[in-house]
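Just the one chain here, the form predicted on its own, laid out as structure tokens.
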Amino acid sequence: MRQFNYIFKRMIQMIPVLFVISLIAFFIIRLVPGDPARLMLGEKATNDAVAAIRLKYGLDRPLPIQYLKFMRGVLHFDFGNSLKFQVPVWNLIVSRLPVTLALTFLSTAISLLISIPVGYYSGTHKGGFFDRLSNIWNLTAIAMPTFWIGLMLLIFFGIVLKILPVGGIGGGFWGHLKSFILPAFTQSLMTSALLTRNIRNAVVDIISQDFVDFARSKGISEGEIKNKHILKNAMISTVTLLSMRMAYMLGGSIIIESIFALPGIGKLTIDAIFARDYTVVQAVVFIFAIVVMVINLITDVLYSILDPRVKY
């Protein structure tokens, strides 16, 4: 019951946040130079034709009226029609969102598969050869720009070795999986490096705590000490960092999807910005905000699972 009340209060707190985000998303995109009606028809279009398009999509109305129309549609999950693609924005998002979510979750899974064992082993062997090697690799992965890593991997595995596709989403399950390997690995490098450093430092601190020595003195097996006492406590701070990185990866999908030509939300956003497609951009920003806040809410709830001392 206590958790339910906490979740309900957090959901209520999301409302003013979403309101502020909707204001920012609506008005900032309209500060970008360029007339969407002119871009739709081309530079040679007559002024009468441009005026007709502006009238058709309500672009001639005052901005407060346009914003109220946008918010009225949001309440009914109706974001209007795309100015560029001439289809409902919601249909566009539904068709593109699975690609971005799949990329984010696959990148997260790769990051955890790398960071948990490497971070734990480095922390339990502080100052050893593996720890120093891991530290060098982590700093290198953090320092390298994501777009450069993606281009180098694309050239090496896609063009030189020709073992992975250089772009697109492929066909069938295995085709989709092969298409996601390079972008997911590219996106997971920095996250895995940050998580590894965080887990390593947490393990170093935890193994010197009295409760770990007390657990060993009671004859508890090393495996149980690792899972229930060291790793579980190390994951508390890691969950916070992971949620922040997942939100970052959702936003960073714009770069990754552009490099690897993935038909996701990121690529859709880039195309919409260049076309001054207001309806698509403001809808994408609004939905991304909801996804990020849901991730943060799930993170807070996970605290109670990892640390029973947490009280709502």
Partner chain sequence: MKKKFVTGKKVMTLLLSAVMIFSMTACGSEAPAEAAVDEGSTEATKEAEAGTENVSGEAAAGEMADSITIVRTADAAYLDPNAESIGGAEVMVMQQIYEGLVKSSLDGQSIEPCLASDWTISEDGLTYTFHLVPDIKFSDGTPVTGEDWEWSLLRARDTETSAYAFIAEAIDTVEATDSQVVITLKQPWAPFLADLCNFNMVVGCKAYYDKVGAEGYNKAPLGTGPYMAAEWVKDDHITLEANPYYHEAGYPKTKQIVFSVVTDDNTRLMQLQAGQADIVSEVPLSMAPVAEKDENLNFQMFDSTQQRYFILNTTKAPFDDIKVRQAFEYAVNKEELAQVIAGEYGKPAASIVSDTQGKWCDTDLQSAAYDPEKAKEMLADAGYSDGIDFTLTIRSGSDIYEQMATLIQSEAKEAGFNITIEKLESAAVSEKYENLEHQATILMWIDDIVDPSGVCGWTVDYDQCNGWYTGLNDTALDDLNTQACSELDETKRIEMYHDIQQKVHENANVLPLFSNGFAYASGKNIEGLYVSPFSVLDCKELVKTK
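Numbering follows the first chain given and starts at 1. Here, rigid core means the biggest group of C-alpha atoms that superpose within 1.5 Å across both forms. This is a predicted model, so every value here is computed, not measured.
Keep in mind the form predicted in complex with its partner chain is missing from the figure; the text below concerns it.
message = When the contact criterion is heavy atoms within 4.5 Å, does residue 258 count as touching its partner chain in the model of the complex?
response = Yes, contact at 4.5 Å.
message = Under a 4.5 Å heavy atom criterion, is residue 155 part of the interface with its partner chain in the model of the complex?
response = Judged by the heavy-atom cut-off of 4.5 Å, residue 155 is in contact with its partner chain in the model of the complex.
query = Heavy atoms within 4.5 Å of its partner chain in the model of the complex: does residue 38 have any?
reply = Although its partner chain is absent here, residue 38 would touch it in the model of the complex, with heavy atoms inside 4.5 Å.
ask   = Might residue 245 be said to contact its partner chain in the model of the complex, defining contact as any heavy atom within 4.5 Å?
value = Because no heavy atom of residue 245 falls inside 4.5 Å of its partner chain in the model of the complex, the answer is no.
inquiry  = Counting any heavy atom within 4.5 Å as contact, can you tell me which stretch out of 196-204, 234-242, 104-112, 68-76 lines its partner chain in the model of the complex?
reply    = In the other structure, the partner sits against 104-112.
key: Candidate site 33, 85 and 99: all three near its partner chain in the model of the complex by heavy atom within 4.5 Å   = Every residue of the candidate spot has a heavy atom within 4.5 Å of its partner chain in the model of the complex.
Residues within 4.5 Å of its partner chain in the model of the complex, restricted to 159-196 and counted by heavy atom = Sequence-ordered list: 159, 162, 165, 166, 167, 168, 169, 171, 172, 173, 176, 177, 180.
inquiry  = Once both forms sit on the same rigid core, is the C-alpha displacement of residue 32 at or above 2 Å between this form and the one not shown?
reply    = Yes; that C-alpha moves by at least 2 Å between this form and the one not shown.
Is_shifted residue 262 between this form and the one not shown (CA, 2 Å cut-off, rigid core) = Superposed on the core, residue 262 moves its C-alpha less than 2 Å between this form and the one not shown.
message = Aligning on the core only, does the CA of residue 246 end up 2 angstroms or more away between this form and the one not shown?
response = Shift of 2 Å or more: no.
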